[in-house]
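The chain that follows stands alone, in the form predicted alone, written as structure tokens.
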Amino acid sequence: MTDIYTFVTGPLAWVAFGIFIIGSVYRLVSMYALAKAKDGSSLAYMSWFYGLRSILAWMVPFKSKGWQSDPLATVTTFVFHIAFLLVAVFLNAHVVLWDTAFGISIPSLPTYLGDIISILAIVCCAIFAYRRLTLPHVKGITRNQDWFALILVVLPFITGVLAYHQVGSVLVMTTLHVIFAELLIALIPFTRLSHALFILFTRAYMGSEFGGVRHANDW
């Protein structure tokens, strides 16, 4: 088992990051080429001002009509994404990896706080699942790829919490946690999670069109 752990935290990790980087570049270039081919004129009215205005507006909870219309989804979405970023970057064990792999030294969360935030992220995923199962307007547009993305995201959190609380073999749980995390990283460009790559461009596009062409807000 130790050999497997060494492999997944070594060569397999670099493979995952490599797939993520190459896949992200490919998806972004492909999406730009597609947008240029189908709606090339839209590029002419892309505006830094209106684009950034839209991005900043949608980063404020309950500012947009969309956020106001579904308070539970709004709170859950913001809490989950903040928790995800905090855990991914500042969790104690991850800070060690940043330093070891890339020579980047950053402060870390207190261990107990990282555990609480991880559990909070799992609760958020449970709420996402509840909405997809019970709310007709969400259930109706839920596809298999949405469930796959949700499972992909929650597994690293679950195995990480189990490893921290020493439920089962710590080595097995830690190895599974690393494998699921690497799977998540590698598949971001090719799944519903690719919104992480496109969201800024989508908002900039919408903001530019509404602000520069329709002379209206897009929130």
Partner chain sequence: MSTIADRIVPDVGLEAGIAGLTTERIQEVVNQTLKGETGAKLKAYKETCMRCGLCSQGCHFYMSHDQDPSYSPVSKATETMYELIDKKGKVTPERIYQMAQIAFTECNLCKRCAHYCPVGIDIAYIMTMVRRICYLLDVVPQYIRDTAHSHSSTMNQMWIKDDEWIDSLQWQEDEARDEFPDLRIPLDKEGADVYYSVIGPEPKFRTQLIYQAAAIMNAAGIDWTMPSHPGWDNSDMCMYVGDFENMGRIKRAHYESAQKLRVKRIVMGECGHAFRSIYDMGNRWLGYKEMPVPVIHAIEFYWDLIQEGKIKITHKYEKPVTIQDPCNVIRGRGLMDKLRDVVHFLCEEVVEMTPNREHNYCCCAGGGVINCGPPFKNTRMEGNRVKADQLRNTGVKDIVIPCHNCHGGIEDIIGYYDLGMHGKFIGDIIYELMEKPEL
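Predicted model only: the values in this text are computed from it and were never measured. Residue numbers count along the first chain shown, from 1. What we label the rigid core is the largest C-alpha set whose atoms superpose within 1.5 Å from one form to the other.
Unshown form predicted together with the partner chain; subsequent notes refer to it.
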Considering the partner chain in the predicted complex, find the one stretch among 82-90, 95-103, 140-148, 118-126 with heavy atoms no farther than 4.5 Å from it. 140-148
When the contact criterion is heavy atoms within 4.5 Å, does P189 count as touching the partner chain in the predicted complex? yes
Would A13 count as a contact of the partner chain in the predicted complex, using a 4.5 angstroms cut-off between non-hydrogen atoms? no
Using heavy atoms and a 4.5 Å limit, would one call I199 a contact residue for the partner chain in the predicted complex? yes
Even though the partner chain is not shown here, does H165 get within 4.5 Å of it in the predicted complex, heavy atoms only? no
Can you name the residues of 187-219 that have a non-hydrogen atom within 4.5 angstroms of the partner chain in the predicted complex? P189, T191, R192, S194, H195, F198, I199, T202, R203, Y205, M206, E209, F210, V213, R214, H215, A216, N217, D218, W219
Core-aligned, does K65 move its Cα 2 Å or more between this form and the one not shown? no
Aligning on the core only, does the CA of K36 end up 2 angstroms or more away between this form and the one not shown? yes
